[in-house]
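The chain below stands alone and is given as structure tokens, in the form predicted on its own.
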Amino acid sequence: MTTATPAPSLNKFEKLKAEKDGLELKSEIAEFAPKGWEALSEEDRDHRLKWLGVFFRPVTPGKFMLRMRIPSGILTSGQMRVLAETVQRYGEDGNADITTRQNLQLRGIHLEDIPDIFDAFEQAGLTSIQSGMDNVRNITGSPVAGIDADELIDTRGIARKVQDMITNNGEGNPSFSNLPRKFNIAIAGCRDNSVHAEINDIAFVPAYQGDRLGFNVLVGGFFSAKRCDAAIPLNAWVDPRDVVAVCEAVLLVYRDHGLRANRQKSRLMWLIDEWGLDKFRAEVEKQLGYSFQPAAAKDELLWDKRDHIGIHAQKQPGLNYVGLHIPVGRLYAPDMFDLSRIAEIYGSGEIRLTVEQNAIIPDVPDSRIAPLLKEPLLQRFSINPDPLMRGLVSCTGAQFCKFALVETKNRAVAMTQALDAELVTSRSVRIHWTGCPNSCGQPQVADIGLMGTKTRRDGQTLDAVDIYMGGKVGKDAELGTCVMKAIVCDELQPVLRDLLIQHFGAQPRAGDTLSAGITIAT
């Protein structure tokens, strides 16, 4: 007599998904929203609403965050105006943050207003569907796709088609609403890796196979509190026409075979580790119904990373794109209305967001550059910011996020302004703040990365950061490593000052002197 092997027990998130798909709330929201957030079950409020892009924030109870889906970060001025109206009308003390995935998150939203907001989104061609929990996040692409004079592949249409496949054209797609964990996709069409391909679960980077231009495929890149890994080559070359099918095949393999028992080991790279790359590749080919062509010998990521700030000539004669620096990506309704107006008056009515949390106004004629530069908004959203402010990126931080261990955005801006006032720097230094080990601020790809933590001193718990260095973006990208631990935030500025002087060529301004110096781990 044999005994059946018991089925593995489900963790609480797998149980939650097995009981009810979060997409089911879409048809129920008109009924439960008027009752208010306190009438919701904890499972629906804290988790399932994320399938609709609606995020409960315990640090601001009753005020929700809305996370949009904006493939390649491209918006029309009309869509930006709808988002501005949402923040202005419904966002109590609200704002919008540009994210490190070329996206927008709207804050201060009340649940009772969600049905009306969703109606406005639908009319404007906007959606927040499947933007949280175990779904595919915003599809990133080059922010200058279609306008870059040195572009290889215009990826805008591909990114849109990938999103439409995943979300069923914005209606919600149960086929991809129960992944083991979240999933990131990036599609690069330029030579500078503006999408940070190495930190995505699947990334497509331009490569020639003979005289045919397509993509080499990378898989498995991710950040988590437990582990951070750069994506690895799949040894596959893909025709641009096949990108959607390859994304679908990889997602189906991940959905059906990804590890689910331990959420800390549920990202794609853990499955690749368990199977080996050859088996994973074979399973994807089986799902596709054909074999991959081997990867091209080299890809076309040849340049250092660009941040797209400033005035740049487009491939279209007589037109320019103008990159505006948005400090840590923080926007308020008047800013959003102003961006919409500027895009219409000076450009073609389009606005593009970048992974550095900045904005681009494309299609500005040569004759309109001078009057654009006189706009008051460009005094705050500069085309030529101070060097340290230029490279500053920050996650949401403890002001709005329950996971963050420290406040980031406000602290990052204040400290960077102080450092720019103290130091003369000849180059931009990418300083990334993240409030916790989930690494939404991506400190591992920064010149200097700061990860929030806590430390004890004299019986008190203090805000602190672990410091990462060595992150490299663009060609031959690398992840940085932790070199200093638990630096108290109130004592951080002189530490950063010394790092900038010793490692990035900064010089004290007249009247300042070099401090004693510090030693970092190697």
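Just count from 1 along the sequence shown to find any residue number. These numbers come from a predicted model, not from an experiment.
Below, we refer to the form predicted in complex with siroheme, which is not included among the displayed structures.
Inset, instruction - Answer for residue 65 alone: is it within 4.5 Å of siroheme in the predicted bound form, judged on heavy atom distances? - result: Yes, contact at 4.5 Å.
Inset, instruction - Would you check, heavy atoms only and a 4.5 Å threshold, whether residue 51 touches siroheme in the predicted bound form? - result: Flag for residue 51 set to no.
Inset, instruction - Could you confirm whether residue 403 comes within 4.5 Å of siroheme in the predicted bound form, counting heavy atoms only? - result: Yes, residue 403 sits close enough to siroheme in the predicted bound form that at least one of its heavy atoms falls within 4.5 Å.
Legend entry - Heavy atom of residue 193 within 4.5 Å of siroheme in the predicted bound form: No, residue 193 stays farther than 4.5 Å from siroheme in the predicted bound form.
Inset, instruction - Only one of 475, 57, 45, 26 comes within 4.5 Å of siroheme in the predicted bound form by heavy atoms, so just point that one out. - result: Looking at the other structure, the residue within range turns out to be 57.
Inset, instruction - Work out which of 86, 340, 177, 439 lies within 4.5 Å of siroheme in the predicted bound form, going by heavy atoms. - result: Contact residue from the list: 439.
Inset, instruction - Mind telling me which stretch in 394-402, 274-282, 162-170, 230-238 gets its heavy atoms within 4.5 Å of siroheme in the predicted bound form? - result: Every other range fails; the passing one is 394-402.
Inset, instruction - Let me know which residues along 341-367 have a heavy atom within 4.5 Å of siroheme in the predicted bound form, or say none if there are none. - result: Residue within 4.5 Å: 357 only.
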